[in-house]
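Consider the single chain below, provided in structure tokens and representing the form predicted alone.
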């Protein structure tokens, strides 16, 4: 395996931002992974496992350790019957191509997660969710390499302890595993998920063919989320998480908006709130909007006007400092005006 030095990470991220990795290598299987971790342990290096680079911000100074980029490939049907199919997908596969493959075969479950940039492995790490669907609802199991035991393990969905944009892979056991495969359980029976507001507007009478739902999601995302492969629109997807509130906290927020803004804003909040898996969520985009931050800029970075959850590399030359300064300014303003502390969604590397 070829281990490189001082590799600039910006081209490997959807933000197109980031300094050099002290060491960099590409792994395709468990043997590559073992070699990479042995090298890191020998040289006492921190490690970071990189997939499609879609949910992270790398510092301008880079990463003073070893970046391990996973590029395994493959899609395999493990089993199927009249009702469902088990699909095993390598973590290095481009996620939206996997969704496209499932939709073409009329397998339900992935369609609401269309047009999300990055690789398949990140879907499990973040328990990615969009438009009423979450990865945990379709993940059957995850095949990982355990860097401590040097063994391949099969983790069930329950073992992964999925939560809101979280799993063991980015919390309690962060850095312990490399994800090589994910097995998805998909339905052959139509199961449209259309309870999300934007999709309801597209399908007011319900129903909808599988490909129609995928195309509707792609259309919505193209308006709100500039796809990071486009010139001068690098981004990491949503930069801010939607706050989760108890009913009492929501009531306090509504009262603050009524006194700090006006009754109309408080009434809009009531309409904007949504319940997801019995959790009361508030759109962070709404809070950013009412605080007058939709067109805020810092250096080469800017808040995306159509979807203020997203920070974009507007000029193509934004620095990580530009992005983080802008994000912190938004966080501070929202907290001062609403009392809600927004949380960042992307992983911050090398800070």
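Positions refer to the first chain, counted from 1. None of these values were measured; they are calculated from a predicted model.
Just so it is clear, the following notes concern the form predicted in complex with a small molecule, a form of the same protein that is not shown.
Of 288, 318, 49, 36, which residue is found within 4.5 angstroms of the small molecule in the predicted bound form when only non-hydrogen atoms are counted?
Here the answer is residue option 49.
Just one of 102, 178, 160, 257 has a heavy atom within 4.5 angstroms of the small molecule in the predicted bound form, so which one?
If I apply the 4.5 Å criterion carefully, the residue I get is 178.
Residue-level question: is residue 130 within 4.5 Å of the small molecule in the predicted bound form, judged on heavy atoms?
Within the cut-off, so yes.
Is residue 313 part of the interface with the small molecule in the predicted bound form - any heavy atom within 4.5 Å?
Output for residue 313 is no: heavy atoms all beyond 4.5 Å of the small molecule.
With a 4.5 Å heavy atom cut-off, would you call residue 192 a contact of the small molecule in the predicted bound form?
Answer no; every heavy atom of residue 192 is more than 4.5 Å from the small molecule in the predicted bound form.
Does the 4.5 Å heavy atom contact test between residue 226 and the small molecule in the predicted bound form come out positive?
Residue 226 belongs to the contact set for the small molecule.
Going by heavy atoms within 4.5 Å, which of 246-254, 79-87, 109-117, 147-155 lines up against the small molecule in the predicted bound form?
Within 4.5 Å of the partner lies stretch 109-117.
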